[in-house]
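Following this are structure 1 and structure 2, which are two forms of one protein chain, each written alone as structure tokens.
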Structure 1
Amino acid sequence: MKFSYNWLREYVDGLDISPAKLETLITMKTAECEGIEEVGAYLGEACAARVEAVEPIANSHNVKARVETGPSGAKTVVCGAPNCRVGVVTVYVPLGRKVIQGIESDGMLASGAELGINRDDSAIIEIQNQASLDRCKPDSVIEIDNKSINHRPDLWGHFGMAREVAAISRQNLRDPVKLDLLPAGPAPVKIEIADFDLCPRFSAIVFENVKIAPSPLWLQYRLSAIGLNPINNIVDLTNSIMAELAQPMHAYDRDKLTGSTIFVRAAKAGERMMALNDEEYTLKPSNLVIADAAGPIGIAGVIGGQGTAISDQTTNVVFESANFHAASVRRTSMAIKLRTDASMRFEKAQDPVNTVRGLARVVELMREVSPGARLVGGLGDQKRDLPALPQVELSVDWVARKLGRAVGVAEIRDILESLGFGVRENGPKALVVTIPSWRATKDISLKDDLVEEVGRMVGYDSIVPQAPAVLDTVPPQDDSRAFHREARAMFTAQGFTEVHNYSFVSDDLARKFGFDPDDHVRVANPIASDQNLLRMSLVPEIYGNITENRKHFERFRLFEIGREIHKRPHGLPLEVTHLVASIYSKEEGSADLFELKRAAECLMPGAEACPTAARAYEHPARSAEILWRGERVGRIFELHPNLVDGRAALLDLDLDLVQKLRPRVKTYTPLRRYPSSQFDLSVIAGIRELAADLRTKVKDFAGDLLESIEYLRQYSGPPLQENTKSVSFRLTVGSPERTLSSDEVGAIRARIIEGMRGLGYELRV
């Protein structure tokens, strides 16, 4: 929304705040400003000039013109406009001397676009005299973010913003509306409103002997400055009043109306109307229209019809000023995919009092834009009874407490009255505030709203920041949150990227992973058709992450911490927190399973993997259970080859159970003071025997002096027999009290060898 500084000054007596300072004040107290644009810079020195002589320039479309500028005397300029001719009165701008095609040109003759008066850059502007130009002065246009005034329909016009500026600057506000100009007597057109809920008020007046012509320069300039395109005197008049009072208006050619009654009704199914934008719209009963006896002549609150549009031949005009239900206009605007300056204002809930104010301005301004026009009859005005203005009780002490600073009765009263509120005292430090009609639509209704009005005007920078005097209590430690944070840190440190998925799956995805959809909790109102079940496992959605990411990466690591939701016969579902981590590799190899097992051991030191029967979505020969502290805490597996190209290893842990099994107290073991000894042993075992089982047996024979046992490698092939393998371990032994002798180390080694041979194993020593 754009606001002309010069226009605002017409309503605020004695406004002397600079545009830049005013922009800052408006931002701090009313609405967020986005910048200032300077317009009409040439108008500061421009003056009327009469072309006295014109000489063509050889081999050029330009001409050499001698012009009389009045106070500045005669000037010679080079001009390329096609309408530069003897006798024309135009605008001269003294830009200094410049040689053009060998001729010294002193200044220039300007087009309307160059002056900022209109958008015509095809010719120099033609005026009657200097008086035509006197009301056009350089201006500053303040642009305000529309979103910050969505709740303020009054601020969609200059007069509403001027009221704010007057309150901010503590100046007097001048109302441009003179209601006594409204005509009395019977109206020449009748108005029938079918539903006053959709159209609370519809007002109209009629003029005859109207002459359609370009608007005066001051009106063209005023509209151009705020981004509106001048069209003709009648259309420009309605746009000017809309920009001034925030009251959209429309003008009809009365001679093109059928009958003497204007109807405001719902559209009939299939009714069609050609609009002013040359688009034909097929209407529905949900669309409110303005119609004559022949059919729709306008879509209420959005756009007028082409059939009754103002043209150069128009002599009789009906001016309409109406009020429509905000939601109805919004629905219609969305339905026909058209938003206009009018619809944007009506969507904000306009003040029904404003319709006749707009027509009073029409009466006054028609004297300037079409001096010969005459009013016909009286004011047509149909409306439902306007509700009484709402009143809100306001305690001064309560306002001070809410604001956090002292504020008195006189200060509150001064602020609210300057903004147009009615204020009367209702006891010591008690006020009754009457909400004005332009703020009572959807803006002010509570005393909290009034506190905001006072607060923004006193300035929030005048409130000393102070912490609330409320005793604070540190919340109890959430062990689960701390543990989950630790798990996240641990996996991200190892190169895993955390993902977040919705807690929903589809029937098809559940079946794909071997789950029965009926075992899931169903969502009564799903956000999408493929998210109708609460997930019983995080694996299906991690699979979706893998499927998408493998399109872009050949190798990656992902993990998610989330909840499985399991149906129970009675009561609420059971929610269990799980961690699912995945390593994907496009190339073949089994190292990823071991890498996931290592990651699991970081979270659960001493965890073991025990092979188990594969589930439907797991690789038949690459799945195991994770055992820790005597409990099954999860699974480690590869996805079935039918599900994904490449190899995807997954780790699925029950985090709630892992947290439960974690030791509550951590013990400290001091560093060993004495050196340790190491030796390697290789056990010959069956090809299918598990290395973990062999490790456990070796560990049992090693005794208490064993510090650690590490798996090194395995080998199968000559000279070993078929279906056998050699599994190598490195053992570290030592004592916290002394250095072991070679005989003691040898005895431990011999005990292990003897014990393993007793179990039927051969050792390579």
Structure 2
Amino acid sequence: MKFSYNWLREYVDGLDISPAKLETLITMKTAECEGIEEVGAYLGEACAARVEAVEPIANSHNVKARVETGPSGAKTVVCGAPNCRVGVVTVYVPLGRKVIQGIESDGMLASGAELGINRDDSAIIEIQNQASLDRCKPDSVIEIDNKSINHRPDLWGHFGMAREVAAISRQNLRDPVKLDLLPAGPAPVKIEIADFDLCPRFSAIVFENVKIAPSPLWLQYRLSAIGLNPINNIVDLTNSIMAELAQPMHAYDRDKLTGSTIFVRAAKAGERMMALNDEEYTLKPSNLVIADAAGPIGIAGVIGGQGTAISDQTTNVVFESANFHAASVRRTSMAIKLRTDASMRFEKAQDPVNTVRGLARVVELMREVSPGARLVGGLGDQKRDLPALPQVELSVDWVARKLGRAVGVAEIRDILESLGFGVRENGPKALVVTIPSWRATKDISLKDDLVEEVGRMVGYDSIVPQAPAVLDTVPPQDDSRAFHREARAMFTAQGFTEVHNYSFVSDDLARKFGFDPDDHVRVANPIASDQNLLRMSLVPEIYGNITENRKHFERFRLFEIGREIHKRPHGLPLEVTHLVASIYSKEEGSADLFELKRAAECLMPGAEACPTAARAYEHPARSAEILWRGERVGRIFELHPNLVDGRAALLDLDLDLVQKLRPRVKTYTPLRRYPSSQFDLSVIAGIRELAADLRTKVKDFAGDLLESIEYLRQYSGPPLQENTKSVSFRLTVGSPERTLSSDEVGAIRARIIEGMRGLGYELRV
């Protein structure tokens, strides 16, 4: 939203703050400014000039013109405009002398676009006399971030912003509206509102003998300065009142209306309307329309229809000034994908009091923009009862408690009154505040809202930071946070770098990793078709990381800690935190899988890998489940060689489960007082027998006196038979009560050997 400094000044007597300073003050106290644009720079020294003589210039479309500028005398200028002819009164701008096509040109004759008055750059501007330029002065346009005034319907017009400026600068505010200009008597157009919730108020007046013409220059300039395009006197008038009072208006050609009643009603299903933007809209009953006897003439609060639009021939005009339900306008505007200056304002919940204020301005300004026009009949005004102005109790102490600084009762009163609030004292340090209609639609209803009004005006920079009292308790902390940190530290220490991946996967990627897309939670409005599912596993995207990074690195380690999201029949999906780590190496080998297993064991001492049926994306002979404390906590595997060149080992852990299984307290066992004994055993077994199984068997035969059994090595090759291997273990035996005799140790050893032989294993001892 753009605000003209000159325009604001018309409502604030004696405003003497510079535009740059004002921009900062508005930012600090009202809404965020995004910069200042200087417009109409030439208007400072421009003056009316009459073309007295014109001479052609050889081989040029330009002419040499002599103009009479009045106070500055006669000037010679080179001009290229097609309308530069004797007798034309235009605008002269002294720019200094320069030579153009061998002729000294002293200044220039300007187009409307060059002056900033309108967008016409095809010709020099034609005016009546010096007085035409009276209200056209260089201006500063302050741009306000629309997002910062979404909650302030009143700030979508200059008068509302002027009220803020007056309060900021402690100057008086001048209200331009003269309600006594509104005509009395029967209204010439009947208004029928079907639902006052959707249209709380609809006001209209009618003019006859209107002459459609360009607006006066000051009005064109004012609209151009804030980025609106001047069109004709009637359209410009409605736009200017919208930019002044935040009240959108619409003008209909009365002669094109069918019947003498205007209806405000829901659209009929399939009803169509050709709008002013040359688009045809097919409407639904959820869209509110303005209609005559023949059908829709406007989409309420959004755009008017072409059939009843103002044209150059129009002489009778109906001015509409209405109030519509904010959410309804917003929904319709979204549904038909059309945002207009009107819909943007109505979406903010405009003040129903404002409709007739807008019409009063129409009456006043019509005298200037269409002097011969006459009012027909009285004001048409259908409405439900306007809501009573809300009152809020506010104590001085409440303000101090919330702001953290005291503000005196007189200052609070002064601030609120300057912003248009009614203030009544209700005992010592207590106020009853009446909310003005333009702040009551949705902006202000609580005493805390008033704290903001006071706070921003005294200035938040006047509040001194203050430390609160120290707590007398230690707040509880989340175990999983500490555990995730530990896991992160462990994996980074072992060379893994943390990545973050998106929570989205595509149907194809899910299928590639063996998931049914329908098992996923689905995004209803995905940003791209390949980001429509919420991931049920971190593995697919880690796979993506591997294929990308292998373009740059021969070997690398990476990991992610993130959430799997699993659909549940009711309520929110289940979110499970997983850790997926990977070691990639271009070289052949299996070492990385064991490195990864080691990393897993660091996190979960004693975790075991149990070979399991491989999934489609896993190497069929290199895949295992990770078991820890009796639970399956994850998987370790190599990616199937079809999926990646080189070797990629992956570990996928359910961190929530691992955290749950972690021992909460550490336990201490006294050191053994009697020495233990050790001996080694080698079991000859089939080449694919699992070392862990052999270990379990040996362990079972060893009995209660076994302290520990440790894998030493395995060997295959001569002198062993083909397809066999020897797996060696070191056993430690002992007793907490005594030193075992060599006979006892020998007996344990013999029992194991005999037992294993019984199972068909040879032992090398």
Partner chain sequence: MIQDDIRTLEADACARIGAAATLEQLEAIRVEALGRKGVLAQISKEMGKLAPEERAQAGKLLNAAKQLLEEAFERRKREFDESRLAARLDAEWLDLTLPAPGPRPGSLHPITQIQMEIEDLFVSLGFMVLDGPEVETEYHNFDALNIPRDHPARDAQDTFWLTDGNLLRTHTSPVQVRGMERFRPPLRMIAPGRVFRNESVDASHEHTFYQIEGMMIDHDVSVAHLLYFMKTLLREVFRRDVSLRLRPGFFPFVEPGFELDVQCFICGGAGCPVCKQSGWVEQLGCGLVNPNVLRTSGIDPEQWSGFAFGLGLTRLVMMRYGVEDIRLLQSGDLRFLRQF
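Note that the rigid core is defined as the largest set of C-alphas that superpose within 1.5 Å between two forms. All residue numbers here follow the sequence of structure 1, with the first residue given the number 1. Remember, predicted model here, so these are calculated numbers, not experimental data.
Enquirer: Where's the form predicted together with its partner chain, in 1 or in 2?
Expert: Answer is structure 2, the other one does not fit.
Enquirer: Examine M249 after superposing the rigid core and state whether its CA is displaced by 2 Å or more between structures 1 and 2.
Expert: Stays below the 2 Å threshold, so no.
Enquirer: Spell out whether the Cα of E393 moves at least 2 Å between structures 1 and 2 when the two forms are superposed on their rigid core.
Expert: No, shifts by less than 2 Å.
Enquirer: At a 2 Å cut-off on C-alpha positions, does R751 qualify as shifted between structures 1 and 2 after fitting the rigid core?
Expert: Yes, R751 moves 2 Å or more.
Enquirer: If the core is used for the superposition, what shift in Å does the C-alpha of L643 show between structures 1 and 2?
Expert: Its alpha carbon moves by 7.2 Å.
Enquirer: Enter the rigid core superposed C-alpha shift of I583 between structures 1 and 2, rounded to one decimal in Å.
Expert: The shift comes out to 2.3 Å.
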